[in-house]
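Single chain ahead, by itself, as structure tokens, in the form predicted alone.
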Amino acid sequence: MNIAVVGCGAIAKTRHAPGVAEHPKAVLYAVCDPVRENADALAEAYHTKAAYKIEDVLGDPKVDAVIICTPERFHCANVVAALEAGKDVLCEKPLAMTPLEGRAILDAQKASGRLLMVAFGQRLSPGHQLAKRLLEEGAIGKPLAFRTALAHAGVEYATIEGPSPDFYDKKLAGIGDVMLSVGCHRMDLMPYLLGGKIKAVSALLPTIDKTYADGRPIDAADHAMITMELDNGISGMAWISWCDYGQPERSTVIYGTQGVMTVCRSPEVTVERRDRRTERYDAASSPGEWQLPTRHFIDVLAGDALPICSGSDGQDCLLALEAAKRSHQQGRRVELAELSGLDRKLSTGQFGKE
């Protein structure tokens, strides 16, 4: 099958382009970016064609599917256009910037009948897959609570351009905030691991360190502390940050009636049982772990796997992020039921504002 990668930044270069190129059932047919040098460089690296307008990719009948790797603020328009053009789509996380945009995407997907997946790669990581299996097997009894952390030095360190004093002056509008960029992973992962949906959140979303070139704090959260309540009675805490200037933090601890499970940055999962025995399980990670969402998408297209993350999962995450924003703004616990239907009723300019 012929696949085009739209957006030729760092994620395309390190994850999706190699993931497609190395899959035996796919061809990296084209890459697309309005910045010509980015498209040309990636096309040259993989001996494929370069396009500079998404319309040229979507209008090509030889393209079977597209992977959207553009900045977040372009996800909605690009995903909707791809679905309307009859292409199957893998969208980098998050699905969109707001629940309203997410709803527009879901409506387009329903009308098109095409496959839509979101690249929540942490669902697919070997450590998390192992943790989910152990939880389902009752390794720690009934899960009761959790705490999870996902933090690094900032999104500027993961881009082609790299950090610069004016990075957020130029890029913040396309990124959103730390919750869209980083927190979405954990707002998606914890319900997935624990078999529930987020029911309510309480959040503190401060700006503690990131600045514009003139020294003013950025107009977005760069740090977050969240409590999540799931509809199956499990609750927990999440720490999310762009301001971790040491080793990135990727730990998750789940507390159960018969023990405690810990998943860290290694593929190892540790279970400390109530009887004081400690067991270590090795998830046996393999090279190319970052390409797992791409390979999984192609496997689904080829009929070799079922989708692990749908567009609806992406929308659930957007609603949880909106609830966190409202909780911070209003200083209270927010139930997601309060947002029911709002993604259909409010405009982008209205959504999330009081």
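Computed from a predicted structure; not experimentally measured. Numbering starts at 1 and follows the sequence shown.
Absent from the display: the form predicted together with a small molecule. The rest refers to it.
#### Entry: the small molecule contact in the model of the complex: V269, any heavy atom under 4.5 Å
Outside the cut-off, so no.
### Query
Even though the small molecule is not shown here, does I3 get within 4.5 Å of it in the model of the complex, heavy atoms only?
No, I3 stays farther than 4.5 Å from the small molecule in the model of the complex.
### Task
Classify P34 as contacting or not contacting the small molecule in the model of the complex by the rule of any non-hydrogen atom within 4.5 angstroms, answering yes or no.
Yes, P34 is a contact residue.
### Proximity of S125 to the small molecule in the model of the complex, heavy atoms at 4.5 Å
The answer is no: S125 has no heavy atom within 4.5 Å of the small molecule.
### Task
Given that the partner is absent here, state which listed stretch (305 to 313, 55 to 63, 26 to 34, 325 to 333) has heavy atoms within 4.5 Å of the small molecule in the model of the complex.
In short, 26 to 34.
### Message
Can you work out which of A145, C243, A173, A158 has a heavy atom no more than 4.5 Å from the small molecule in the model of the complex?
### Response
Selected option: A158.
### Message
For the three residues R15, F74 and A119, which mark the spot I'm curious about, does each lie within 4.5 Å of the small molecule in the model of the complex through at least one heavy atom?
### Response
So, yes: the whole triplet contacts the small molecule.
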